[in-house]
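Form predicted on its own, single chain, as structure tokens, below.
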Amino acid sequence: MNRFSITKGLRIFGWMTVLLLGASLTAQAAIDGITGTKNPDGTVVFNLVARKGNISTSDGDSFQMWGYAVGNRVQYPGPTLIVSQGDRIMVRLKNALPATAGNTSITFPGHQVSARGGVAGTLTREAPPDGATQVIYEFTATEPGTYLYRSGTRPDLQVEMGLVGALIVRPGGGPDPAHHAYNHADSYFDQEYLYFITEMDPWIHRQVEFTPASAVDTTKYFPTNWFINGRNWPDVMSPAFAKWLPTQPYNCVLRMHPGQKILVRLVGGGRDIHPMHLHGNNFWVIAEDGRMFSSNPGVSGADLAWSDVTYKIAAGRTADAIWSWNAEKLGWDIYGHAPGDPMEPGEYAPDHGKPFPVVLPTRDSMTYGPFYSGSPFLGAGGDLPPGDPGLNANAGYFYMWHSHTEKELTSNDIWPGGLVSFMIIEHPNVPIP
């Protein structure tokens, strides 16, 4: 067996083990990120260092990356910066990239930024690759929403190499900012998840290993790897901060209970358009680029929101979408109640007591997918054929969320990979941290 087969087998085994161990299959209600430290004057400070590192892809390969690090370890994408509306933000940047990489910088689209230190650049002040010179960027987070930050120095190369990340500004003028995207009830959510989409051209990264940045040609850009939160599928389903993915800490395991509202923060971190398709139900896009779709901002809420099943996330753009699933109008009771059975605490069953509309074929006549629990009822397992892996530990409903560009479902033309994740509808008794 060659190294590729061993590596791939270990990864898939690890991913399957995570799914089999229900207690390990966790997703946070809050997005992973950093909140910085506060100066005595109330300024929120982030200290970032541009460094070189490596990431793994689901086809068993490894690539050199540049990224924004907190401390000594680079990560891809950069740390998600989480702040509150009204905060005064200071980002300190040093450049510890190889000398051949040249200067680097950070821009914050959607914000009025002042910069000092370093040297003058085309878009903003830049840090030379000496590991010591500090550039300071300052701005006030005046509007809540989802944003990105990225290099403003030759972005065709540096963003491709990984110098990009997400910025989340939580609302400061409404109730419960931990469960609202904006200062209005229309932006309420029970769970939130980040969908930071990027792509990669491996040839550019190979050039960077042996060529000064000034000589790297990006005009023939042709990506063959695609990432959600810095990982390909199935690695996106592994735990956040998995030890075997040290420079790719963020996962994308989406979970909810029936009737909950899910906020999906979509970020186009690369340079292509990606049509992300959400199975199971329509979503409502309530905002783009940190601004709610409202005919009367602050009063009417998301009254101009629009509904669809596929969203084309463009380079440098962000969107906030609300998605929900509640079994309404399904025509049968997803919990398998008989007429007259009492509702269990926390259950949402608008078709309570209605029987499953068809008779299932015998077990030997069925083709079982790995996420089918053996029963059509939420939270109820059933008999599976001998040897079936039984990956659906909690007997939930799995909806595949993925790109509608077929090549983006691979890593370098190898399946599995690319822009794939799953929304898992869990029984109300299954805890979601």
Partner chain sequence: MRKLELVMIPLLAVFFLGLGSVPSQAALFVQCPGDWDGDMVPNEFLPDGVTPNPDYNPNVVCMHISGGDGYLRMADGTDLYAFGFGEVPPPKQVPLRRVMNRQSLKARAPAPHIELQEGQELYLTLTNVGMTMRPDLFDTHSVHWHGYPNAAPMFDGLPEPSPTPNMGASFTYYYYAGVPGTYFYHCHVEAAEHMQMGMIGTLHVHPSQNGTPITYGGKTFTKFAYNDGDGSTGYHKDFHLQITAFDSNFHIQHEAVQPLPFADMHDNYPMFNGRGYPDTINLSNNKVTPDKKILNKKGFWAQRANSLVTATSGQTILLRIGNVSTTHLYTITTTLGVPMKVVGQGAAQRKSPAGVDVTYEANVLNFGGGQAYDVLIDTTGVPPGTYFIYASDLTNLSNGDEERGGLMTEVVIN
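Only a predicted model underlies this, so the values are computations on that prediction, with no experimental measurement involved. Residue numbers count along the first chain shown, from 1. We call the rigid core the largest set of C-alpha positions that still match within 1.5 Å between the two forms.
The same protein also exists as the form predicted in complex with the partner chain; that form is not shown, yet it is the one meant from here on.
Visitor: Out of 219-227, 174-182, 132-140, 103-111, where are the residues with a heavy atom within 4.5 Å of the partner chain in the predicted bound form?
Guide: Checking each option against the 4.5 Å cut-off leaves 219-227.
Visitor: With the partner left out here, if you bring back the partner chain in the predicted bound form, are Pro355, Ala380 and Trp415 all within 4.5 Å of it by some heavy atom?
Guide: Every listed residue reaches the partner chain in the predicted bound form, so yes.
Visitor: Tell me, out of Gly331, Gly298, Gly71, Gly346, which residue has a non-hydrogen atom within 4.5 angstroms of the partner chain in the predicted bound form.
Guide: Only one option qualifies, and that one is Gly331.
Visitor: Have a look at Ser56, Thr405, Asn47, Thr35 for me and say which one sits with a heavy atom within 4.5 Å of the partner chain in the predicted bound form.
Guide: By the 4.5 Å heavy-atom cutoff, the listed residue in contact is Thr405.
Visitor: Is Met400 one of the residues lying within 4.5 Å of the partner chain in the predicted bound form, judged by heavy atom distances?
Guide: Judged by the heavy-atom cut-off of 4.5 Å, Met400 is in contact with the partner chain in the predicted bound form.
Visitor: Answer for Tyr250 alone: is it within 4.5 Å of the partner chain in the predicted bound form, judged on heavy atom distances?
Guide: Answer no; every heavy atom of Tyr250 is more than 4.5 Å from the partner chain in the predicted bound form.
Visitor: Can you check whether Val309 is within 4.5 Å of the partner chain in the predicted bound form, heavy atom basis?
Guide: Contact check for Val309: yes, within 4.5 Å of the partner chain in the predicted bound form.
Visitor: Would you please decide whether Gly390 lies within 4.5 angstroms of the partner chain in the predicted bound form, comparing each non-hydrogen atom pair?
Guide: No, Gly390 sits far enough from the partner chain in the predicted bound form that none of its heavy atoms falls within 4.5 Å.
Visitor: Which residues, if any, of 168-207 lie within 4.5 Å of the partner chain in the predicted bound form when only heavy atoms count?
Guide: The stretch 168-207, when checked against the partner chain in the predicted bound form, contributes no residue at the 4.5 Å heavy-atom cut-off.
Visitor: Honestly, after the rigid core fit, is Gly173 moving at least 2 Å at Cα between this form and the one not shown?
Guide: No, because once the rigid core is superposed, the C-alpha of Gly173 moves less than 2 Å between this form and the one not shown.
Visitor: Does the C-alpha of Asp364 move 2 Å or more between this form and the one not shown once the rigid core is lined up?
Guide: Asp364 C-alpha, core-superposed: shift of 2 Å or more.
Visitor: After core superposition, I'd like to know whether Pro385 moves between this form and the one not shown (criterion: C-alpha shift of 2 angstroms or more).
Guide: It does, since the Pro385 C-alpha is displaced 2 Å or more between this form and the one not shown after the core fit.
Visitor: Considering a change of 3 Å or more, are the Cα atoms of Gly346 and Gly259 closer or farther in the predicted bound form than here?
Guide: Relative to this form, closer in the predicted bound form.
Visitor: Based on a C-alpha change of 3 angstroms or more, tell me if Asn282 and Gly346 lie closer or farther in the predicted bound form than in the shown form.
Guide: Compared with this form, Asn282 and Gly346 lie closer in the predicted bound form.
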